[in-house]
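In structure tokens, one chain follows: the form predicted alone.
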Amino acid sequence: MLTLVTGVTGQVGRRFVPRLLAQRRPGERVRVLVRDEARGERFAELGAEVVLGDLRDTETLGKAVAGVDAVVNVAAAFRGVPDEEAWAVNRDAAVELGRAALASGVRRFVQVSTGLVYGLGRGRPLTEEDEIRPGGAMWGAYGESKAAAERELLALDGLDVRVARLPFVYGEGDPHLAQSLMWAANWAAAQRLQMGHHADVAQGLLRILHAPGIAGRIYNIADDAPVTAVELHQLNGVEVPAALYDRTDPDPWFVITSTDRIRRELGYRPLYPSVYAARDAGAL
């Protein structure tokens, strides 16, 4: 089995690929797509095949998927990018990768998405059966472009597509936890953020990649304990702004997701059920 992974130089991909390589069985290989040869050296040293090129280039896609059995599309354009780039990477390139995979005979395609596709809360943890209603000025086109990619990939006839919806990812030196204060400083004190450690994101992706008979299934990946704006400040060692206590959370269930499906169907159990477990284990 040859697995292609995209987005390997991002925060999720660079931590996922070493775990994918570490759990290979005899005969299993990993290929990564990178734009910069120097940034591919680390993966080559770990045993991955490296293909150079841009995900948005048709010729590159053909080379990347040639002979591949499975694809894990981690590539994403997120914070701080123009909306046009978010659409170009998150939807257009993802769908073209799916079409190239289908044409090449790829058997399995894991699309890495986001819980932000749900949009507004529903007064309870969000499940994979809930309608997707992405939007919100704070996130730009990220959620909408990821939702569009999900729809178009799942509609490709003949390709076994599985979707992983990620929470706010942190851990192992990822700067996301510190960056969370860019938003949390303007939240209400009790406003919550659904999180997931890189080790658990990788665990979830590996389960989704290898499980038989789940074509078309969508899975939320997250830990068990969303944290509040107050806790985010405390975890970062920053004084809690008094203004937080004067604000009201406009949507207490915004992107708070249920992991019942991935637990029941794929045996997922968070290695770090909370950010505090990760902190105590020295895994931040």
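This structure is a prediction, so every number in the text was calculated from the model and none was measured. When you see a residue number, it is the position in the sequence shown, counting from 1.
Keep in mind that the form predicted together with a small molecule is not shown, yet the notes after this line are about it.
Looking at residue 54, you'd find a heavy atom of it within 4.5 angstroms of the small molecule in the predicted complex. None of the heavy atoms of residue 98 is located within 4.5 Å of the small molecule in the predicted complex. The small molecule in the predicted complex is not approached by residue 149, whose heavy atoms all lie more than 4.5 angstroms from it. Not displayed here, the small molecule is kept clear of residue 171 by more than 4.5 Å at the level of heavy atoms in the predicted complex. Contact with the small molecule in the predicted complex, defined as a heavy atom within 4.5 Å, is made by all three of 10, 76 and 114.
Proximity to the small molecule in the predicted complex, taken as heavy atoms within 4.5 Å, picks out 106-114 from the listed stretches 210-218, 106-114, 149-157, 123-131. Among 35, 29, 247, 63, the residue placing a heavy atom within 4.5 Å of the small molecule in the predicted complex is 35. Of the residues given (166, 94, 72, 184), 166 alone sits with a heavy atom within 4.5 Å of the small molecule in the predicted complex.
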